[in-house]
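Below you'll find only one chain, the form predicted on its own, shown as structure tokens.
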């Protein structure tokens, strides 16, 4: 297990918008935005449907430097439609990843915050997500590491949850959440008896950062501080996880083992108990440093 320590800035990643996260993560003055808002390239569908539009369509893409390394970066804006993916939004992200494959930067940073695909342009959004996934894998095959960062208000769900798991590595905070179906979607579809989306403790211990880290789906758990995310991103770019048959087989083995040992578990606390964690019910109350200390003997992720 690897943990990341750094001097905190006190700037909350959770509370920052996409632009603030990008400019604070990168080396000062190094960010250059591609397709700026004044170009007014926004969704053609929302306007027709009488919906509000954003000149950047809810995502900022560009280039910059991280500890001197050349990176391409994208930040989804949760404040616009929960970071949901539409045609233009998806095309900007796909284009950035294709540029990475062609130019070979030192890495790509994806600041993921999305509830999934926009219902207003669902077909276009679903196609966009499939193109994003293909582009992430193409970049990795080309030797460009793709690092995902998750810690925003809206979490990372739906198609972008799949995109996240296609990255070389993921960084998440306790406040971050990641999954395929969001809590509200599960409750609406299956009923409150299956999943109570209003139970915040249940939500966070099921799809929250600590749980995703413990079961090996993310490689770094950090404080809700932009400096902590930056330090972890630098660390991962210096030691990228390759895309190989061996890595895929290792991932499949981990998933098979999890199903065998935890397939009948009713709650995340039951899973933590199965993993050999003493007093698992106390984990949600621990800060990041205390949490790492409590679970260091059982963590089984690919860090």
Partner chain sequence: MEQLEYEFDGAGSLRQSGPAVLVGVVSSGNLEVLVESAELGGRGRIVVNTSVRGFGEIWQAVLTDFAGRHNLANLLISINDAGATPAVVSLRLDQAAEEFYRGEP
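It should be emphasised that the depicted structure is a prediction, and the values quoted were computed from it without experimental measurement. Positions refer to the first chain, counted from 1.
Only in words, not in the display: the form predicted in complex with its partner chain, which the text now covers.
Taking the partner from elsewhere, residue 54 is found to have a heavy atom lying within 4.5 Å of its partner chain in the predicted complex. Among residues of the shown chain, residue 37 is one whose heavy atoms approach its partner chain to within 4.5 Å in the predicted complex.
Its partner chain in the predicted complex comes within 4.5 Å of a heavy atom belonging to residue 77.
Contact annotation for residue 283: none of its heavy atoms lies within 4.5 Å of its partner chain in the predicted complex. Taking its partner chain as it sits in the predicted complex, the stretch 154-193 never comes within 4.5 angstroms of it through any non-hydrogen atom.
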